[in-house]
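Just one chain is shown here, as structure tokens, and it is the form predicted alone.
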């Protein structure tokens, strides 16, 4: 499929989203709203059930037990897996 010139002109690499991503993830995440990919339930992150260990945590849906968020620390890196979430909604700074 051929792209129109207008569409190609708007295409940038991921660096162009850096500011927006930094804004999204530098907020209080426990108040973010997540939709479970397993059952479609909507809840704030604080309502998910946490199963943790020394490396990180698995946050599961209280309704269907789907692993919605997985987060781990290995050395100087954080790993974030959101495949159990349909979307994650955070409040933008004013």
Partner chain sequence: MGGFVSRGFRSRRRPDAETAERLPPGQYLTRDFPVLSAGPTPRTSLSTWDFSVVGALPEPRRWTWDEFQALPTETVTKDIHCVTKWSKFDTVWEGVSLDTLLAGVETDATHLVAFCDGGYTTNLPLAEVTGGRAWVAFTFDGAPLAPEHGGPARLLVPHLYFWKSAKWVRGLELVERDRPGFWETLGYHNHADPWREQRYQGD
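Residue numbers count along the first chain shown, from 1. All values derive from a computational prediction rather than experimental measurement.
The form predicted together with the partner chain is left out here; the points below concern that form.
55 is the sole member of 26, 39, 55, 62 with a non-hydrogen atom lying within 4.5 angstroms of the partner chain in the model of the complex. Contact annotation: residue 81 falls within 4.5 Å of the partner chain in the model of the complex, judged by heavy atom distances. Heavy atoms of residue 14 never reach within 4.5 Å of the partner chain in the model of the complex, leaving it off the interface.
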